[in-house]
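Single chain ahead, written as structure tokens, the form predicted on its own.
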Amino acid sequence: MSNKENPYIPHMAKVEDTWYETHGERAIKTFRVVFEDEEVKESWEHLPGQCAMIGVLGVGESMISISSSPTEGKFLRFSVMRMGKVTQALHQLEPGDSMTVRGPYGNNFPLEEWKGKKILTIGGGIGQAPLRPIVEYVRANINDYQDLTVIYGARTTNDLCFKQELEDLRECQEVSSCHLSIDIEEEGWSHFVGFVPTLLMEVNPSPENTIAITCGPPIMIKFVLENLKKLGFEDEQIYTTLENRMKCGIGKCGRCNAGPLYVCKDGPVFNYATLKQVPEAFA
């Protein structure tokens, strides 16, 4: 049986390039990969917000956000935090090595529906990975959107992902504003010092005709949601992602259910109007 007929059979992808976003105990490494089968490479389609199951043969696989936009070309990017057996094996891969890829899985950010609106992304730490495709997609189609604002922070400068890209965004004409923060003051840091939810209030974005998308540590999301409501955002204007406990990717194993929702099939993208009805989503 081919992998076209069996969703459990992965495609093989070659690692073209790798680099570390952060170092330390929970280092984050980004992989740029291309499918080894040219037909798969040409036919693969994904949208911002979707995930893929990636892994190493003989070790296992994990569900990881696709951190590249389809507007960037015929390759995929994954930014992986080293946390367990599979991610440790992935971190050992170097250019020329192969990984397995299944997917894409889940729904996506409804960027077509958001045309004509202002887009606001609010990220923390590795949570910027699923937000990065939104930023790149909107930049590539900037005439379809009214405005793009990026808010992103991490504990220290060593914990910031996509650091150079985000610094470059501050000089980019397609982006109205890019605001960076760290939790703890450091010598030489010229941007905001404080938590991301506090930076959000400092930026004070207008909710008028605006879609707000947030992703990051659960405690950050909790206070970002509270502050968005204080700023006047309606539940339907707020989106986030859930990526907890996904195992099979196709709604068969039941590990990712939150109340009546299956994150791998109904998500991982949800608006707050839906999630606030499912307390299990924040457990």
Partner chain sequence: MSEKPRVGVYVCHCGINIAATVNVEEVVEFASRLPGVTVVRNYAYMCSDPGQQLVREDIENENLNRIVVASCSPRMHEITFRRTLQDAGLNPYYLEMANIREHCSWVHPDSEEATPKAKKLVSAAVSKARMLEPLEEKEVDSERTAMVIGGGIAGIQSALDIADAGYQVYLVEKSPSVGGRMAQLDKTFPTLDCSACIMTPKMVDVANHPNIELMTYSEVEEVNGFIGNFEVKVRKKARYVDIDKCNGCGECADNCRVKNRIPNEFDANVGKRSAIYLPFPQAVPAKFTVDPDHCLYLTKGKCGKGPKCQEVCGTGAIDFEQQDEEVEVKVGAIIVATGFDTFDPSNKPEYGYQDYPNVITGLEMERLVAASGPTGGELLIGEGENARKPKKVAFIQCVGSRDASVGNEYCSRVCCMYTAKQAHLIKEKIPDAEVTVYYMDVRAFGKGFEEFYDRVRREGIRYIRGNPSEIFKKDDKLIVKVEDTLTATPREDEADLVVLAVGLEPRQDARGVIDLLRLSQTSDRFFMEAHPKLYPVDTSTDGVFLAGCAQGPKDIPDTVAQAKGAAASAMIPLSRGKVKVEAQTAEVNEATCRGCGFCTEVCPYSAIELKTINWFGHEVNVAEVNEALCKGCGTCSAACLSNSIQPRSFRDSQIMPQIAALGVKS
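Residue numbers count along the first chain shown, from 1. None of these values were measured; they are calculated from a predicted model.
Not on display, but discussed next: the form predicted together with its partner chain.
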4.5 Å heavy atom contact, Arg82 and its partner chain in the model of the complex: yes
Heavy atom of Asp97 within 4.5 Å of its partner chain in the model of the complex: yes
Ala27 within 4.5 Å of its partner chain in the model of the complex, heavy atoms: yes
4.5 Å heavy atom contact, His91 and its partner chain in the model of the complex: yes
